[in-house]
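Listed next as structure tokens is one chain, alone, in the form predicted on its own.
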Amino acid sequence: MTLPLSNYSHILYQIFEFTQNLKLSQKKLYWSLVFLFTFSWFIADFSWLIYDEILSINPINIAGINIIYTLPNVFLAILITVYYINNFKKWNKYQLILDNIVIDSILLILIWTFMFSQNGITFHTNFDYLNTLIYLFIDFYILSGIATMIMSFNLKRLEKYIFVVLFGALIFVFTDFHYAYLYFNDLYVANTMIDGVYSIPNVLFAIGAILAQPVRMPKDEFEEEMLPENYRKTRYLNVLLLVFLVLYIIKSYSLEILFASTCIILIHQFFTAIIQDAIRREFLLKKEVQMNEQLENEIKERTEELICANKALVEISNKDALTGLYNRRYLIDYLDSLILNKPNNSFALLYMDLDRFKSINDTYGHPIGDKMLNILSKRFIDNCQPNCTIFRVGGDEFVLLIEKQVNQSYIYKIVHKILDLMQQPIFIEPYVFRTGVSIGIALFPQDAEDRDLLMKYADIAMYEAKVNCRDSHYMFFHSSISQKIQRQHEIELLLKNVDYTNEFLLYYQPQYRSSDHSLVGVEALLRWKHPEQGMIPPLEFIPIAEEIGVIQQIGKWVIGEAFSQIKKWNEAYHLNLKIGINVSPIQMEDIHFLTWFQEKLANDQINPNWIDLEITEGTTMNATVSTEELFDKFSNLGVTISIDDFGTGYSSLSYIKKFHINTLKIAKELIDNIAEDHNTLLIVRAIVMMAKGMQLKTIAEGVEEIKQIEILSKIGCDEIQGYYFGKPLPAEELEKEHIIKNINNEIL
């Protein structure tokens, strides 16, 4: 007996406890086989003890004990086999087979040379000899497997306990080989040192169980993980070749065996080089495929992200930021899709504009106006029919699109539903508002088959409803309106062929100082006298000129004529009159306008103090940062800027502080009622007081009565313009009626 039973029990306990702590996994199976190895050896040793010490029978002659001593070899062989099966994918199979063949060949040569070739061993056919040959064969299988694994392992990645277990297995195998050598030569004596060596593997297995930790080791780098573990593991055979050479030198090895061993190793190296190259190429190919797949996946993910982002952006771009309704951009795209993709469809376009919204917005501020728009939008959404779509296309302008059911009775039903919704009060604490709506209706394809015309016709019908249908609040587009359209087309054509020199002319309306009634300037007003149509009002052709893009050319002609005229008057009469020139918002948006204007001033030798540019309130309210810079640059030139028709539009103080403005021209609509309406008087007085506080000049437009002049003079309005002093006149008449007359009055 080589080990006390208490030691065996301790070893078995350590291995068994560690095995039980493992979860169901490959590692649990491995350690179970290790436990069976130690347990079977314990049973064999215990049986030996019974026969030898208690029954006094020589255990060597007991066949059952020899079979039990073979079981550890079987369990160890099973462990090697299972490990190979579970880890086969980690190794390159061709390299593994080649290594195994070479190792088997060399082991056979070594074992035969050092153990059996020179000792005259006689083999028998009895059971003990056969049993010894069986476990000798199993030992050879185990040794071959361990040697192949050592060649195939990436030793840097192995845990310490594996080295301990492998070392124990090698001691067991080599001890078995030594036992076989002793047995076949009738040299074995029981209970000698060799039996003690047999106990060392069990001790090492127990130590391995103590060292082992059931945790997953961290992965190495990407390339090392993908390459088989037996990639370029040939260094051991090179060392073995050196060992063979040393053995030959010390006469422990014959020349024939050295030659055979060398040939085996060289053949192995040759085929290994081929296999390793194939492994590398296969790895690079797999890596390239993997990288391509990864790149494709990333591209796919990025593409999906971009598609989602684009969808989100499209959704955002199609929605109005304030109300969440579809916007004008989406309306245009949607109309195009209806017209182009479904030409047989019919639908109705309802163009809606809120009544009195601007006055509410101006009086109570934009936050209140925004809340009102949100409340109305929610009402539209909550009451919208399935075949209807609502859009917000402007500040207080909405469009309702009715598809499928476009008969007039259904449209009337929808329109009256909208009017009922508008009648409901709007509660925005602490205020309660009521507003109306004007609706223009155009039908596709009855009224127009073109998207732009259809929208234009609905817009025109809406304005007609606002002006002429204040009771019903809606209007269908019809032929009478088309006459206006025809007139617009006619004006459009005439504008494209206008003779500037012979058809356009400037009229001038005088501006007087309210304190002493002296002439201080004039306003240049464009007139169009067509040879066939006669006088065409500016209110009729200016919007069309802006729409078709000829307003820049007209504006430049007006500025050129005004420059020439004011220079002529001021130089001829030694005056310092100022001329007001109306500038279209489209001109202000032209990036080249300032440069042209500056060059025009220099080339015509015009004193900038003579020039006053009149801008509408809408231009300033819709101004961008570039427009603000433009105002600054005009101011730096010495040109003054006036806000025309102040008091009827936005009338916001924010843009007055923001821009370089010199003059506020109080709108005629306010001046008309200044003598009769106390509230209007208060508004005008507030404007004048505000302007004085901000060091701005004020001009009252449309003054026609002496009472108006007296009031304006009393409240401190700086200048007067209107029919009381004179209506717009051609240059020659104004010069005679006002300039010369004013000079004569000053002389007197």
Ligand code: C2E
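Remember, predicted model here, so these are calculated numbers, not experimental data. So that there is no doubt, residue numbering starts at 1 and follows the sequence shown.
The same protein also exists as the form predicted together with this ligand; that form is not shown, yet it is the one meant from here on.
- For the residues S584, N570, N327, T323, the 4.5 Å heavy atom test against this ligand in the model of the complex is passed only by S584.
- The partner is absent here; in the model of the complex, the one residue of R527, K287, H178, H478 having a heavy atom within 4.5 Å of this ligand is R527.
- Shown alone here, K633 lies farther than 4.5 Å from this ligand in the model of the complex, counting heavy atoms only.
- In the model of the complex, this ligand sits within 4.5 Å of a heavy atom of I542.
- Contact check for V34: no non-hydrogen atom falls within 4.5 Å of this ligand in the model of the complex.
- Contact check for L601: no non-hydrogen atom falls within 4.5 Å of this ligand in the model of the complex.
- Only one segment in the set 575-583, 457-465, 277-285, 438-446 has any non-hydrogen atom within 4.5 angstroms of this ligand in the model of the complex, and it is 575-583.
- Contact residues in stretch 424-440 (any heavy atom within 4.5 Å of this ligand, taken in the model of the complex) are absent; none meets the cut-off.
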